[in-house]
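Below sits a lone chain in structure tokens, taken as the form predicted alone.
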């Protein structure tokens, strides 16, 4: 059975509440869920970038969208009552490390109290409605781990959570909040029906990302403007993966734990070890895939904020529990990303093009 067929059997007709639906990952997730036949209820701020993938795809016409701040508990609670969700995906976040140094308080408010609000709304919803939320997934980051030695080992799920910068640390807190709510209020042994997991993924690439201070969007912007790409940290190692890889895993976890409570847990989501490469290597692959007009250089940045130079994840648990393996390795991930941006730059129908990429991925 293909991934597409398997997911459709579960998600078709399901009411799904998705926070962060106007963001990069949220836009891809919204379209995937729509293609699977789900009733999608998105809650988020306005699309955060210009241009935005959400607007490019015209997702307002395909899903129910509510513009709201994840910090506004009362509005979020009203939205839960409106959506009557069976499935909840929490993606809303302040997701940029460098931004978290400039706005640390806001980063903690969004990433920590935003998580509290989602879980509290789910708790209150279950206590006041006959129909319960079946499955909930909180998406955090691969940067939640204490990363002091940076000696090259791959992190496993049981290691200490203590991210360094405000973004990473706030996501560590989001994990701990989820653990507490799960044990205190969503304990299946006490008769609760909602199964909860967290997914620790990051460093995704894919078409439609226009955020600042991310390597692929920077590469695209500079190349289209006829500039040489500036790479800040060419020697930092990251587990790069196409955006469809973790999104499929999120859908898989939420589906499987709804059917089997033992699957509700905490999971690293990343590529195989061979796909954890340096930023310079990724820039090389982008230049090769883009073709004429692309090139990159680096220069030291004075007083740059701290960012980990090495990060790898051990995804053995995910593979053991779900029988999962990546579909697109890093070369294919870069090629598919570059093809998307070429199609966008050439004014193709991007809804059709993006649906085609999703269908190809899920049919593997």
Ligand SMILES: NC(=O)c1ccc[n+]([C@@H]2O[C@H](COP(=O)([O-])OP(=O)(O)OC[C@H]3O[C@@H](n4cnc5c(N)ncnc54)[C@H](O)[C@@H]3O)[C@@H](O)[C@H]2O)c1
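Computed from a predicted model, the values in this text were never measured in an experiment. Numbering follows the first chain given and starts at 1.
Only in words, not in the display: the form predicted together with this ligand, which the text now covers.
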Please determine, with the chain shown alone, which of 196 to 204, 253 to 261, 183 to 191, 129 to 137 has non-hydrogen atoms within 4.5 Å of this ligand in the model of the complex.
196 to 204
From the list 35, 62, 321, 45, which entry has a heavy atom within 4.5 Å of this ligand in the model of the complex?
45
Interface check vs this ligand in the model of the complex: of 121, 91, 83, 244, the one with a heavy atom inside 4.5 Å is 91
Taking any heavy atom pair closer than or equal to 4.5 Å as contact, tell me whether residue 238 reaches this ligand in the model of the complex.
no
Closest heavy atom of residue 232 to this ligand in the model of the complex, within 4.5 Å or not?
no
Even though this ligand is not shown here, does residue 25 get within 4.5 Å of it in the model of the complex, heavy atoms only?
yes
Does residue 75 reach this ligand in the model of the complex if we count a contact as any heavy atom within 4.5 Å?
no
In the model of the complex, does each of 71, 167 and 171 have a heavy atom within 4.5 Å of this ligand?
yes
Within 4.5 Å of this ligand in the model of the complex, counting any non-hydrogen atom, which residues from 344 to 364 show up?
none
